[in-house]
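Taking the form predicted on its own, here's one chain by itself in C-alpha cells.
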Amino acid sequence: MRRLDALRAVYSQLEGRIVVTIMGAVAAELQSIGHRPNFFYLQHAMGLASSLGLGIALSRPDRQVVVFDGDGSVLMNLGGLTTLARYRPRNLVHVVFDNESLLSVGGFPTATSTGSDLAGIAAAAGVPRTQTVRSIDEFTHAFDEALAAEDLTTLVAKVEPVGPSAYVTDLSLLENRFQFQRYLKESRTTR
C-alpha cells in the first residue's frame, strides 16, 4: 500500500485528535491532503515524534493523540518504544509507516529491509498492543481498533518506498508551532 492512501483512508478520523508527524514524506503527504490546526509537523527532529506525542498524551489525558512516524525515525530512537511502554498512555496511537528505507534522505535501506520487526520490537519493549498490516483494509481496520481500544498501540504499516516530489511542508515551522500551541490551549479551555 502507499502511505498517502493510508493517510487518506483515516484522514476523517483525525479531526478533533491531536496529531504529530515525523519530518519528511509523512508530514508532506498529510499536509497535501489538508492541513488542520491540530496537526504538528515535527521538522528537523528525526526520531522524536513518539517522544513528543508521549509528552502531549501524558499532559492531555483527556485527548487522543495520534503519532505518524517512520521506520527510520523509530530505528534512530528505539529507546522511545521502551519509554512509551513505561508510561503507557492509554490515549496514544503510534503509527509507524515502514517503507524499509530512509526515503526522505536518499532511500537508503533500513534494518527492516533485512528482517527487523518493528511491531515485535515494540511488543518486546512492553507496548501492550502491536500489529503489522500490509493493506489499506487491514490498516483502516487496525487503526479503528486502536482508537477504540483506548490503550497504547504501535501499528506498523508496511508501505511502498514512494513519496512526494518534495519532502517539506509549505507551512512555515514557526507558523505551525504557534498555530498548534493555540489549538492545544483553546482545546483545553473548551473541553
Partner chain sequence: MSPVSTSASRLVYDALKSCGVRLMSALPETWLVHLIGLAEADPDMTLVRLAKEEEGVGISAGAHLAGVKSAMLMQNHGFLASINGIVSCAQLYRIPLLMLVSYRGEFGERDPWQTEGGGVTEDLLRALRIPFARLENPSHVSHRIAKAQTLAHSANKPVALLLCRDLMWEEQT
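Quick caveat, the model's predicted, so the values are computed rather than measured. Numbering follows the first chain given and starts at 1.
What follows is about the form predicted together with its partner chain, which we do not show.
Contact annotation: R177 falls within 4.5 Å of its partner chain in the predicted complex, judged by heavy atom distances. A residue is said to contact a partner when one of its heavy atoms sits within 4.5 Å of a partner heavy atom; Q181 meets this definition for its partner chain in the predicted complex. When contacts are judged by a 4.5 Å heavy atom cut-off, F143 does not count as touching its partner chain in the predicted complex. Interface residue remark: S51 is counted as part of the site for its partner chain in the predicted complex, having a heavy atom within 4.5 Å. Residues with any non-hydrogen atom within 4.5 angstroms of its partner chain in the predicted complex fall in just one of 148-156, 40-48, 66-74, 127-135: 40-48. Of the residues in 121-149, none comes within 4.5 Å of its partner chain in the predicted complex through any heavy atom.
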